[in-house]
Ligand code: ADE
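Next up: just one chain, as structure tokens, the form predicted on its own.
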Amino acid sequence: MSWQSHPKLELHLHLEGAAPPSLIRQLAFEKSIDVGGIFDDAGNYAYSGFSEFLQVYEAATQALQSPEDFKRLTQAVLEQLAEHNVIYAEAFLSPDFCGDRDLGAWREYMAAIQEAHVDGVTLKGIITCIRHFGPDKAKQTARCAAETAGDFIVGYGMGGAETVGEQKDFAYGFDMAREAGLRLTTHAGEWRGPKEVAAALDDLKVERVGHGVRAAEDPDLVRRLADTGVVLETNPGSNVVLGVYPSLDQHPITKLRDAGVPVTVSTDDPPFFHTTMTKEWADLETTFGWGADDFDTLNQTALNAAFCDDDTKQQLAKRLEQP
């Protein structure tokens, strides 16, 4: 069946990574910026493998140079979310790309992002440091997060190249964000194995893990995740396109869920992976036989794990109950 009209919640979405290629081309044209050969003949992002994906991602962000650019980006992303009836999303925002981690500039970018609006879609922000930019820059990012925590900025996390450094190298920033009342997540267990997920839990004390799927390789860690209720923000389509798993039928999402690990499903960087939330749901139905009850549970898990305030959760719960 078509799942497009069903309400959905998404917890793992990179704002810059959701930029439509057409928007990046337009912005680059307006500014006479050469972003390099990052598009294929069909106009899609072109890359091979994760390291090249990061290079293309960062090249695309060169076209995003002002608060107004980020308002246009956010508006485009909200419209895409609405098209697939995503009623709530948490977007990863990086001050690295919004004023180079300057607090004053970041406030201007954040204000512009919040000016974008589409009826029926609630957007919250999770500030993320970029792992391969190093711990020192991450401290500056954490300061931006701590100083702007509130109704819109609800969380702090880390993205970037998981193969660079260790989770514990970034503990200072996570401690700063925690003290500011922000909820915590971090990318782990995508390119490194179960030990990386355990390090995220032990060294950063996060309550959600971005991806986290490699935890499936360690039965003891799976039990720990199930017992503690740490939520995995899984992105099956992303994992298959980037080659973490050769095909969706080998993805461990069902294994993890059946073992009691709370899982959510998101698109990560949708135009890069040619996916949408509707497609993610449809692929889970086709591959694993998931149905309405499974997706209702998925939404409830995402609602429980969302970093927003209780009033927002109550409003979302009412919308999920509507036929």
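Every value quoted in this text rests on a predicted model; they were computed, and no experiment measured them. We number the residues from 1 along the sequence you see.
The form predicted in complex with the named molecule exists for this protein as well; it is not shown, and the discussion that follows is about that form.
At the 4.5 Å threshold, heavy atoms of residue 242 reach the named molecule in the predicted bound form. Although the partner is absent here, residue 269 is a contact residue: one of its heavy atoms lies within 4.5 angstroms of the named molecule in the predicted bound form. In the predicted bound form, the named molecule sits beyond 4.5 Å of every heavy atom of residue 47.
Among residues of the shown chain, residue 90 is not one whose heavy atoms approach the named molecule to within 4.5 Å in the predicted bound form.
The candidate spot formed by 7, 85 and 279 lies out of contact with the named molecule in the predicted bound form, as no residue has a heavy atom within 4.5 Å of it. Taking a 4.5 Å heavy atom cutoff to the named molecule in the predicted bound form, the contact residue among 74, 141, 238, 167 is 238.
With the partner omitted here, the stretch from 158 to 166, 171 to 179, 247 to 255, 76 to 84 that lies within 4.5 Å of the named molecule by heavy atoms in the predicted bound form is 158 to 166.
Counting a residue when any of its non-hydrogen atoms is within 4.5 Å of the named molecule in the predicted bound form, the one hit in 194 to 219 is 211.
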